[in-house]
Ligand code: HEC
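In the block that follows, a single chain appears as structure tokens, in the form predicted on its own.
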């Protein structure tokens, strides 16, 4: 009896202590203040796949013993996508090619192209940019949230936007046609051109057709990790044809890759904030009035998907998924495919206001992170968006701030 009284007393002390500690803990952030987390509505089985992909994406750090290298850029996915958000200029990727008259001459695959692996495991030689490369592009990793919705937009929707923009005469976006890697099985709704290419939609210049292609490429080009989909280590033949690490290939199975792909496909959409604020409402209207929404299209809709929560959903990414002429200031001389070196895919703006959370507390915007504020990023626009930039510059300070507040709310 006495022991039970003491146990009851100890329980009271424990609960009192927990309550006291709780008062000192910070409040949990609101769901719209975080980029990571699953889209609502996943089944129990899907949640399990999501969790496995989450662990592979965010927790796994590769070493030489588990397949890192022999040449690489980073040792994990999360090192470039902190909290599933944007990367930082310090971990930017470097792409290079040889170009002339804004067109590709040589992808320099025999000299380490298309991407620089500037690190190596012991006993191997890291890459340097070859002297033939006159197109060199630094690209900051994008946020990966909401990509499943962008992947589920039917090709016909994207092609219709090309026609619509030409008819409207404000901007004129184009698609990137991409060769299909052998492991990729296009969806029934994907449209091919006369050269059996499919529409690219991921990457700064739309060089990847699907999330699977993007993930397989990242494992190989960023970490030097081979998969069941691509079993060859990245090799710079100008250094050595035998620069192959000792780990047995493939270094991770298709199941891991597919788990990461599912994880990325089902990451939640970035959720807007402060939508009822008068300044945000006014900024949204101004954004449309100066025709920024011609490229940063507010609303898109998915088609049918094998993941039910992605099927026929209206969502608000603020992109048209098309390549646009961005002017000479953003011309890096590098070409990934059929685009010109001054053409860039319209980046989605959702989640923009949360970018500093993964970028060390401040903005690093545009493809290479050169803009350290939203206003600076706007003022770097040229080419097809020159008139929009000029319209923004003509606004008074209060109206500029309203547009910026609106963009920070996305």
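Positions refer to the first chain, counted from 1. Fair warning: this is a prediction, and the values are worked out from it, not measured in the lab.
Another form exists, predicted in complex with this ligand; not displayed. Remarks below refer to it.
- Proximity to this ligand in the model of the complex, defined as a heavy atom within 4.5 Å, holds among 97, 226, 243, 214 only for 214.
- Interface residue among 34, 365, 49, 68, judged by heavy atoms within 4.5 Å of this ligand in the model of the complex: 365.
- Taking the partner from the other structure, this ligand in the model of the complex has no heavy atom within 4.5 Å of any heavy atom of residue 250.
- The closest non-hydrogen atom of residue 354 lies beyond 4.5 Å of this ligand in the model of the complex.
- In the model of the complex, this ligand lies farther than 4.5 Å from every heavy atom of residue 262.
- Residue contact check for residue 313: none of its heavy atoms lie within 4.5 Å of this ligand in the model of the complex.
- Of the candidate stretches 151-159, 135-143, 182-190, 269-277, only 135-143 contains residues with a heavy atom within 4.5 Å of this ligand in the model of the complex.
- Residues 55, 61 and 300 are none of them found to lie within 4.5 Å of this ligand in the model of the complex, as judged by heavy atom distances.
- With contact defined as any non-hydrogen atom lying within 4.5 angstroms of this ligand in the model of the complex, the contacting residues in 279-295 are 287, 290, 291, 292, 294, 295, given in sequence order.
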